[in-house]
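Before any questions on binding or motion, here is one chain by itself as structure tokens, the form predicted on its own.
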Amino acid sequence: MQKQTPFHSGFIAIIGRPNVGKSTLLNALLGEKIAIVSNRPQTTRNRILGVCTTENNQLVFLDTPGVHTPRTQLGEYMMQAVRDSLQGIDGLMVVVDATQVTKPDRDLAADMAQHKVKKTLVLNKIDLVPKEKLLALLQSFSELGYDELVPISALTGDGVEELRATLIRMLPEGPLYFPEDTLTDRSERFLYAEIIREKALRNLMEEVPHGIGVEILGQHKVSDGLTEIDATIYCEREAHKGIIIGKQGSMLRRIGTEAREDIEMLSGTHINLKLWVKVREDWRNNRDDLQTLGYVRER
């Protein structure tokens, strides 16, 4: 009788400073887009779970907000999401932007190296770094105690397959935690709200994005091939409302068009997306508002 290959599985937290490319990496590892991406710091606000299942393995990734010093209740929530994601994990992946390694990056890498789990340090964005500089960077992190140092470019895909293979080798024997066709534990509403926020982040000015939140007010099937979604974009100042709407509604239409296209790709159906813009002053420090927008769980 042929011996059955044991199944390996585990939870792997993805940790890093803002803008190092954690969400781009998660999407690359999964081969599907579930985490929004922009060049704004602190784009990721929630812990996002992504599942990659092969014949004999299941990698469960926990993408986390960028590690930073919080200045609002929303920031406190984000950092709590990071701390929660470090509990009960089987592996840890610390991501560093190879194009600009700062002291906070090195401090974080040193701190995370103390965790008693299998650890991989990932140098991302190597497509933008000369080879000699990359070799020196790898050497500079070599004594921290990581099990593996892996250079990649999440954007181009260079090194991603090698990284996935490295992570699989680290997995302990374990069960199938999620059904084989599971990609994420997040609801459609969460994913749709995140897509809308991504398009706002990509199109708006520097001072607006951090104060933006999105709530899906309703979602219903109009016909077999059409779903209607109503959503509100919240901002903190009246002046920001005008910027989000734009001249004669041009900016809001652009955000809506780009979001609708991505939601249609994700849902596999035509979408009628209706967007409104409302002001909620200082919502990032209001627990009720944070609860409404899905950033604070019920106690």
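When you see a residue number, it is the position in the sequence shown, counting from 1. Note that the structure is predicted; figures quoted are calculated from it, not measured.
We do not show the form predicted in complex with a small molecule, though everything after this point is about it.
- [ ] Select, from the options 168-176, 82-90, 225-233, 127-135, the stretch whose residues sit within 4.5 angstroms of the small molecule in the model of the complex by heavy atom distance.
- [x] Selected stretch: 127-135.
Open item on the list: Considering non-hydrogen atoms and a 4.5 Å limit, does the small molecule approach Asn19 in the model of the complex?
Closed with: The answer is yes: Asn19 has a heavy atom within 4.5 Å of the small molecule.
Task: Contact of Gly50 with the small molecule in the model of the complex (heavy atom, 4.5 Å) - done: Outside the cut-off, so no.
Open item on the list: Although the partner isn't part of this model, could you tell me whether Ala154 comes within 4.5 Å of the small molecule in the model of the complex, counting any heavy atom of the residue?
Closed with: Yes, contact at 4.5 Å.
Task: Contact label in the model of the complex: Arg260 to the small molecule, heavy atom within 4.5 Å - done: No, Arg260 sits far enough from the small molecule in the model of the complex that none of its heavy atoms falls within 4.5 Å.
Task: Contacting member of Leu30, Val37, Val60, Leu273, with respect to the small molecule in the model of the complex [4.5 Å, heavy atom] - done: Only one option qualifies, and that one is Val37.
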